[in-house]
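First comes one chain, alone, set out as structure tokens in the form predicted alone.
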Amino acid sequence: MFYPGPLVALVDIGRTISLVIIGGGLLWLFIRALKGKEVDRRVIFLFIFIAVATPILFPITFGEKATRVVKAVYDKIESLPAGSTVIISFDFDPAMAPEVQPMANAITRHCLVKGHKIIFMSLFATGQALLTQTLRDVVETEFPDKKEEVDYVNLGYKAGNEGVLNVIISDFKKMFPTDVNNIPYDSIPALDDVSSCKDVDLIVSIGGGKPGVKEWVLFVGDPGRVPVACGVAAVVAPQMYPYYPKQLLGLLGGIKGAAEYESELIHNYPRFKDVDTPGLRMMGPQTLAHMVIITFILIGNLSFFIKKRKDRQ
């Protein structure tokens, strides 16, 4: 969320007042705990509300450092020579988009700044519309010099689930005779050196549903010996870890994974400092709320031991 100049001071004031209220309130709770007094649960709910609302109304971001599993995806894209080909498959629906679309945007941004060619596609019918959003918000807006069909190609959605993967691992053209603009496969420069998935340098599946990451690994990654990475919703991430690091070179899990990738990208490419980073933005409410909850736990335990000590006396 970005604010024009006149509102910056107001946002800073609002952020400061909110943090003072939270800090002062926690101090008040701590003092009551020392005195062994109970706190109405509605006060707790109020604190959680303020902790979540403050970073939304007055953006607060916290520093993120890429973990090893996220850094593996970043390093792979970073190390590929310019002109490499990356498949980014939008295998998710609108319900999952708030968590995983930021990953797709960040990875797309990284691939384009490195000069890689991108093959966009989707195994989900709803993925086509979400793919179009990334093309509009990231590719066309931030990289106006990149040409469709030359630097990237949009193959769109193809029905068939695993059947699609079974075909494109040996013959891309058979399943995608044209792109979404009805341009013949053989007339697309970005696909000149790609006859099958075995000819690409990396596959990134974004989503976590079915078909999705598992199918890419089982039907393309393993048999074709093609590196596969993924970005999935937080609830799906634990199911993917058994595939790491042999079958999945890395994975981004939930908003935390998206925020880590965005942070790593901004750290290495300052030009992206002012672009929208929804992952980092959404981690603000989550982090602050967790900090408040942890403080509640500490205060609650302190109150328990104080009361226990008084009872013994």
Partner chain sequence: MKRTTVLVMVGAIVIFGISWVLKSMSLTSTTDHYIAKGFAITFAAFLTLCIFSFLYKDNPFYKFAEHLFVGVSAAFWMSMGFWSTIVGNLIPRVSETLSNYFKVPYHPESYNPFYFLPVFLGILLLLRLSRKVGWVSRWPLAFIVGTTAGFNFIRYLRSDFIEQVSATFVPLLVDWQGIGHFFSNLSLSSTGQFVAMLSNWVIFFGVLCGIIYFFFSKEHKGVFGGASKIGIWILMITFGASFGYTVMGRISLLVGRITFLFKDWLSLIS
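Residue numbers count along the first chain shown, from 1. Source: prediction; values computed, not measured. Whichever C-alpha set is largest while still superposing within 1.5 Å between the two forms counts as the rigid core.
Missing here is the form predicted together with its partner chain; even so, the following discussion is about that form.
Student: Answer with one of 237, 188, 111, 139: the residue that has a non-hydrogen atom within 4.5 Å of its partner chain in the model of the complex.
Tutor: Of the candidates 237, 188, 111, 139, 237 is the one lying within 4.5 Å of its partner chain in the model of the complex.
Student: Just checking whether residue 263 would be counted as a contact of its partner chain in the model of the complex - the rule being heavy atoms within 4.5 angstroms.
Tutor: Outside the cut-off, so no.
Student: Verify the contact flag for residue 19: yes if a non-hydrogen atom of it lies within 4.5 Å of a non-hydrogen atom of its partner chain in the model of the complex, no if not.
Tutor: Residue 19 lies outside the contact set for its partner chain.
Student: Report whether the minimum heavy atom distance between residue 283 and its partner chain in the model of the complex is within 4.5 Å.
Tutor: Within the cut-off, so yes.
Student: Residue-level question: is residue 134 within 4.5 Å of its partner chain in the model of the complex, judged on heavy atoms?
Tutor: Although its partner chain is absent here, residue 134 would stay clear of it in the model of the complex, with no heavy atoms inside 4.5 Å.
Student: Need the contact residues for 123-162: heavy atom within 4.5 Å of its partner chain in the model of the complex, sequence order, or none if there are none.
Tutor: In sequence order, 125, 126, 157, 158, 159 come within 4.5 Å of the partner.
Student: Once the core is aligned, does residue 269 move its Cα by at least 2 Å between the shown form and the other one?
Tutor: Comparing the forms between the shown form and the other one, which are aligned on their rigid core, residue 269 does not shift its C-alpha by 2 Å or more.
Student: Quick one: core overlaid, is residue 253 moving 2 Å or more at the Cα between the shown form and the other one?
Tutor: False for residue 253: its C-alpha shift is below 2 Å.
Student: Answer yes if the CA of residue 51 moves 2 Å or more between the shown form and the other one after aligning the rigid core, and no otherwise.
Tutor: Yes, its C-alpha moves 2 Å or more.
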